[in-house]
Ligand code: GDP
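Quick heads-up: it's one chain on its own, the form predicted alone, in structure tokens.
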Amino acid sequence: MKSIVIIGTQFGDEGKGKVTDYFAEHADIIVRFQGGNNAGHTIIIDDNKFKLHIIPSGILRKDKKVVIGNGLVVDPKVLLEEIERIEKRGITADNLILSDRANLIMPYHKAMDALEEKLKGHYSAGTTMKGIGPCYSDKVARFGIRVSDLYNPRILKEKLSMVIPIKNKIFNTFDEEIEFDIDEIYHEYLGYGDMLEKYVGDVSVILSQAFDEGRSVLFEGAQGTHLDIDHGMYPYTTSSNTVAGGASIGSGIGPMMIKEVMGVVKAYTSRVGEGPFPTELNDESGEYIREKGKEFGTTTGRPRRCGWLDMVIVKYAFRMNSLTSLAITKLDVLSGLDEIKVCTAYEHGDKIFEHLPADIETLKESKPVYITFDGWKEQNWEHISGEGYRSLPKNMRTYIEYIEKETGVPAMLISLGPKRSDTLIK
């Protein structure tokens, strides 16, 4: 493994954190290339549960460099708190590298997040209110504060003196009783700069040198393909590029450096927040999946919307990401169901869509076209993981092989539970 990108094929929460942690054993450097602390990865090692929001999942492997790329937006307070949490549990952050080109989430971004969600009405995306979208907006509008600005006090003061009056004016226009102080934020963020300085580096140079030395690099996405700002179910998306092409942009490497792309497919579908969800189940099956799969947000604790596997969106993700292999996760959650359905197309009026339509209203009004598979019984999945692929229940293997056939991509990893030991290499 020289370079591999791990991508979610659905709406996020597919188990990318566990898959990244698993393959991180064989990588020298693990890079996260997009998103912010609106994402969350839960990793279980033995009986210890770790929840990560901004630090790459590879931090839990000893002697691995972990990189926060330029494509992220970083809340420095949250990052420092996360470093403190993991170090209290015996995990060192000495190998963490923070890109000097990453944009910083500022206090006014969080306030703007709440205001914009209120003003959007039914177009609200159900954000985590952590300032992610407004920070990306300022980045694109060239109002952004970058990590490197923390080490140039004059530039930091000039930028804050330009942008904060604009933000205060906006809040006042909408009768929000909010007033941000330039000097207060200036001194607060200089302090963050002092605490983060030992982690800051030029990620593009570091990765280039690593490739020259023959090192293996693993790139970790934070959200799924269908939350991509360009290719997801817009406007119910995140604010960054979650697809494999974003790995190059969000870390400062050329696209030819990426050799493999693994798509993580959850055995069913879930999503957080608003937006179309053709296979959503508002019945006993949906509740069964939610409770058994512990489908509650790592960052927010919100219950996730759950539904059957949607191959329309998975095959779209295959095309968007040039997948070379699959990791199929949470197959154990479907155990105990007599029947399992899979969506193969959408029905809208007298039309059948086998490819994902761009029009959001069409998606909202579409009905899933299903095929049905026989279910399988609960097993000792940790034991079966050690026995190999042929030990899986026949109906489960049929389900896996259907996904492989429809995508045209082989499954490399099968996940049968949240622990590292609940993993099978096919």
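Numbering starts at 1 and runs along the sequence shown. Predicted model only: the values in this text are computed from it and were never measured.
The same protein also has a form predicted together with guanosine-5'-diphosphate (GDP), omitted here; what follows describes it.
Engineer: Report yes if any heavy atom of residue 99 sits within 4.5 Å of a heavy atom of guanosine-5'-diphosphate (GDP) in the predicted complex; otherwise report no.
Structural biologist: The answer is no: residue 99 has no heavy atom within 4.5 Å of guanosine-5'-diphosphate (GDP).
Engineer: Examine residue 13 and determine whether its closest non-hydrogen atom to guanosine-5'-diphosphate (GDP) in the predicted complex is within 4.5 angstroms.
Structural biologist: Yes, residue 13 is a contact residue.
Engineer: Just to confirm, residue 109 within 4.5 Å of guanosine-5'-diphosphate (GDP) in the predicted complex by heavy atoms?
Structural biologist: Judged by the heavy-atom cut-off of 4.5 Å, residue 109 is well away from guanosine-5'-diphosphate (GDP) in the predicted complex.
Engineer: With a cut-off of 4.5 Å between heavy atoms, is residue 40 one of the residues that contacts guanosine-5'-diphosphate (GDP) in the predicted complex?
Structural biologist: Although guanosine-5'-diphosphate (GDP) is absent here, residue 40 would touch it in the predicted complex, with heavy atoms inside 4.5 Å.
Engineer: Which one, 332, 75, 310, 138, lies within 4.5 Å of guanosine-5'-diphosphate (GDP) in the predicted complex by heavy atoms?
Structural biologist: Of 332, 75, 310, 138, the residue with a heavy atom within 4.5 Å of guanosine-5'-diphosphate (GDP) in the predicted complex is 332.
Engineer: Though guanosine-5'-diphosphate (GDP) is not shown, can you say which of 400, 363, 384, 44 has a heavy atom within 4.5 Å of it in the predicted complex?
Structural biologist: The option sitting close enough to the partner is 44.
Engineer: What stretch, of 157-165, 347-355, 177-185, 332-340, brings heavy atoms to within 4.5 Å of guanosine-5'-diphosphate (GDP) in the predicted complex?
Structural biologist: Answer to the contact question: 332-340.
Engineer: Can you name the residues of 378-414 that have a heavy atom within 4.5 Å of guanosine-5'-diphosphate (GDP) in the predicted complex?
Structural biologist: Heavy-atom contacts to guanosine-5'-diphosphate (GDP) in the predicted complex: nothing from 378-414.
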